[in-house]
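To begin, one chain is listed below as structure tokens, in the form predicted alone.
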């Protein structure tokens, strides 16, 4: 199995994203893909995440990261086949291919910003600046609630992925507002692709309900994953996955247990 074969098996073709969509992703560093999930799928995902959050309690998210003011879950690959769409959808994979070339899933997590919480400093998801075009990581936000101006929608600085700098190098306080920032306002069921070198951060949830999303985070194939899929993947999960899905996960051998 190789990248082209895996993508073809998962339905990715040369025209899965339009030229205009690719150009927007190159220029702005982010691309909303509306209508990826039906409302019934959004509802099912939210129900499953709620059940997992309740079951895992204070251990929820420990595999990767816990964050004050949010409900987080990690290692979703192993927790239900309902989550496989996040590393199998052809339009999402086409975007990852466009940004990264040879890629694999780095982690699949969820984040719900709680009421009165969720604000983040502007940041990039890579530890150092990279030159334009030499991108190493790319994310997808799966909107499980409408993202609004009031409920903690992610903010981004369009084009900042091409600046080869980090927010702290240009801003006196990356937690503050940036004159060029915009919020990702979109309905539930949208997936927003964003180049993870783009400056971004969650905003304060001023509503009375959690703002829920999943993050399918990808990296180039030579990088270590945020969650080592070979170390964590369960045999039952491995057996459910197609060879192409295993390739996208970067899984090289069947798990021993």
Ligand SMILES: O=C(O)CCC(=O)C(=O)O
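Everything numeric here is computed off the predicted structure, so don't read it as measured data. Numbering follows the first chain given and starts at 1.
Although it is not shown, the form predicted in complex with the named molecule is what the next lines describe.
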property: In the model of the complex, the one of 181, 125, 75, 145 near the named molecule [non-hydrogen atom within 4.5 angstroms]; result: 125
property: Single option in 160, 106, 154, 140 placed near the named molecule in the model of the complex, where near means a heavy atom within 4.5 Å; result: 154
property: Contact stretch among 48 to 56, 217 to 225, 32 to 40, 195 to 203 - heavy atom within 4.5 Å of the named molecule in the model of the complex; result: 195 to 203
property: Close approach of residue 88 to the named molecule in the model of the complex, 4.5 Å, heavy atom; result: no
property: Partner contact for residue 117 in the model of the complex: the named molecule, 4.5 angstroms, heavy atom; result: no
